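In structure tokens, one chain follows: the form predicted on its own.
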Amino acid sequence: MDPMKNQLIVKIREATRRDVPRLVELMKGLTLTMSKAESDGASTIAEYEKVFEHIERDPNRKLFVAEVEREIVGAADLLIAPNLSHRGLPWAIMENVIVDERMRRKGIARELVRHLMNVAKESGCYKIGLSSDKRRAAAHRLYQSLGFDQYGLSFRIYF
């Protein structure tokens, strides 16, 4: 049996406006805890498209999708922040790394994270960081396998 025959071909590209409905659908899988602000109603696709336009105009923001056979199966968000510390080198943070539940454990998240790491390096960042819910043990194993170290505590407050 040829091992290459079963290997997925994952294409990573920047998201476009036409991807918004699928992105919204995928990102629902990220919500483990809902804030009061989130539970006070629903947003329309038109509202999400306005948010996407804002993201698209921001030169420090990149939203990527992962495709397998032209189907969007994953997404990840990258923010590159100008910085006055560390010799003025920017830093990056990744958020909203998600893969469709039926496509998990196939290397798609690994490809997405590697892509974000490469974009951060090419952008001159001295580091890339992330925050992950402590309940997502599989995600933590992935990040550690890619060289990420757990280095501190995350704090947040929901509104």
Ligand SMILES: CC(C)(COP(=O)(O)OP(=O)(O)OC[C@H]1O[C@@H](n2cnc3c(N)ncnc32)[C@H](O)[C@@H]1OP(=O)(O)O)[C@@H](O)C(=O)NCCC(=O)NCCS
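Note that residue numbering begins at 1 and tracks the sequence as displayed. Not measured: the values here are computed from a predicted model.
Below, we turn to the form predicted in complex with the named molecule, even though it does not appear here.
Residue in contact with the named molecule in the model of the complex (any heavy atom within 4.5 Å), chosen from Leu63, Val97, Cys125, Leu116: Val97. Annotation: in the model of the complex, residues Ile9, Ala15 and Val68 none come within 4.5 Å of the named molecule through any heavy atom. Mapping the unseen interface onto this chain, Gly107 counts among the residues with a heavy atom inside 4.5 Å of the named molecule in the model of the complex.
The named molecule in the model of the complex comes within 4.5 Å of a heavy atom belonging to Leu142. With a 4.5 Å cutoff on heavy atoms, Leu30 counts as touching the named molecule in the model of the complex. Although the partner is absent here, Arg22 lies well away from the named molecule in the model of the complex, with no heavy atom inside 4.5 Å.
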